[in-house]
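Just the one chain here, laid out as structure tokens, in the form predicted on its own.
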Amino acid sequence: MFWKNSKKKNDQGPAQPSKSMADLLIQLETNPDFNHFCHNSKTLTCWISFINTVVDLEYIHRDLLPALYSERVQRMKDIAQVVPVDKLIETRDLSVIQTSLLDGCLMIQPSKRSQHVYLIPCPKKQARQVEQTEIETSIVGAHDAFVESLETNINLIRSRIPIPQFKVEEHRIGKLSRTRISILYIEGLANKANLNTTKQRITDLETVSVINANMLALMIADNSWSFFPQFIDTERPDRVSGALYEGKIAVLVDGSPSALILPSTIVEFFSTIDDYSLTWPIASLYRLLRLFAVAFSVISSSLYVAVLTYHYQLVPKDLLATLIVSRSSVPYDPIIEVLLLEVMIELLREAGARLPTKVGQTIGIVGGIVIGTASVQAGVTSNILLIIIAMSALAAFITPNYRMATTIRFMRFPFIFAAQVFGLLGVGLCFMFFVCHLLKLTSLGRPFIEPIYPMRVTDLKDSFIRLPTSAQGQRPMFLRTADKNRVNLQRTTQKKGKPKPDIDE
């Protein structure tokens, strides 16, 4: 794992700070977008440096440079009183100077090679405006989604958690990328062990770059060899806010339009934010429907292979006759037939995802109909298998989380090969393998299949089914939060009673 080798530091990495100010300036002056010039006024002479592709040039020419010509600026210390900025950094630390220049700061020096400088933050941010969700769509919930700007994403969450206990800690990861990563939590609510583990895994990373939140999730996962995602990634600020109120921890990566929620359980990958906006029977029904769809998507193709290869006696006579007629012109074994359609579905799905939206939808629909009909008429596949594969692909789309949906698509193939070799016994053995793997899997050191194992009846109230809020008075036990109570059930019940009569009545 990336985070285990924390004590082996590479001191020769290219992200190491320069040895002197002269070395830093020589290194930066090789770039055509670096400006380094002398500023002369009646009262002050100084050197100004900035990288024009990462700073707000309009702000510099409109506000900063005219302010430096003011007669009030006679010494370097007077800049803080004249320059219209929120924060003026005075430092001699070369590492801070290098990082600040690359982040969009303007540097002012009393002389050309002076290491005592003033840094004025004036970054230029290129980011999308807040738009509607595209992957985790909601019918009755909020529609705003994260963007690539870290500050905007934190604002979306802070507006939903307007309390001083909401904390944001920032770190820089990657020897080359120096990516900004923020850890979000509610002080006094998040478990300290979970928080310390998260900080340790992130700060101990030894990697060249971190591009997005999903890449970070793979690096800090408990088991990097597992094909199950161990942290929830979401583009919804309201889901992150709800998780923070539960006592969880969120991680944001600058440049990534998604957040990580940790720790997570496998049941949470099949829940949506709309579940908490519907009545509890309907929300529970939808959750059970998603779990049934996942089970059907995983084992339907393998059951077809196992039954037709080894256990055709299990098929009712009326259905067996239909199967015989359907496969009478198919020259291949059931596994070849199944793999052919499964690969075709995956190709159509991947092509639809990579092509532009309008073209991708057309390719997916038309390609599925044309290829499916042509394969049946040509006698390459049977009608019944085509129906099973189509329903299996449709059931896989019900999973709300994309990474978990991808894992479910992958799980079908081990089941198919096991069914070909051992029949229904192979399906059972493959199922036992995945169950044992899930039993050993953890998320931030917490059991991944909680509340099934270890069994916690309290947490079952919001797992496979969602009971009413009045029955969920405590936060999940596996989070070990400092404040276990989610709502005061006694006061809530009292307020639902009849109003007390007025004394004068």
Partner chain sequence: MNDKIKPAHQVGPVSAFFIPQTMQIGIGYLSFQHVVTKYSQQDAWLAALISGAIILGILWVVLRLLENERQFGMPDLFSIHSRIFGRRIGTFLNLFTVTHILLFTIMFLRSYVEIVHVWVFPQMSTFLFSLIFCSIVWYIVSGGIRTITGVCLLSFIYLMPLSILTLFIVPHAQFANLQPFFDHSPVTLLKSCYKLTHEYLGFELLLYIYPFISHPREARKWAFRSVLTTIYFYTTALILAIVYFSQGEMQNTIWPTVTYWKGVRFPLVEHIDIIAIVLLLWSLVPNICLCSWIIARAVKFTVPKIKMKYSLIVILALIIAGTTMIHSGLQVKKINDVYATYGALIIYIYLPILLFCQWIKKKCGRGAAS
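Residue numbers count along the first chain shown, from 1. Everything quoted here is computed from the prediction, not taken from an experiment.
Although not depicted, the form predicted together with its partner chain is the subject of the following passage.
- Note that among 34-42, 63-71, 49-57, 446-454, the stretch whose heavy atoms approach its partner chain to within 4.5 Å in the model of the complex is 446-454.
- Scanning Cys436, Ile26, Met477, Leu467 against its partner chain in the model of the complex with a 4.5 Å heavy atom cut-off leaves one residue, Cys436.
- Just one of Met432, Met215, Ile139, Leu288 comes within 4.5 Å of its partner chain in the model of the complex, counting any heavy atom, and that one is Met432.
- Of the heavy atoms in Lys317, some are within 4.5 Å of its partner chain in the model of the complex.
- Gly428 belongs to the set of residues with a heavy atom inside 4.5 Å of its partner chain in the model of the complex.
- Within this chain, Arg354 is remote from the site of its partner chain in the model of the complex, having no heavy atom within 4.5 Å.
- Interface residue remark: His311 is counted as part of the site for its partner chain in the model of the complex, having a heavy atom within 4.5 Å.
- Residues Phe422, Gly423, Leu424, Leu425 are the members of 404-427 with a non-hydrogen atom no more than 4.5 angstroms from its partner chain in the model of the complex.
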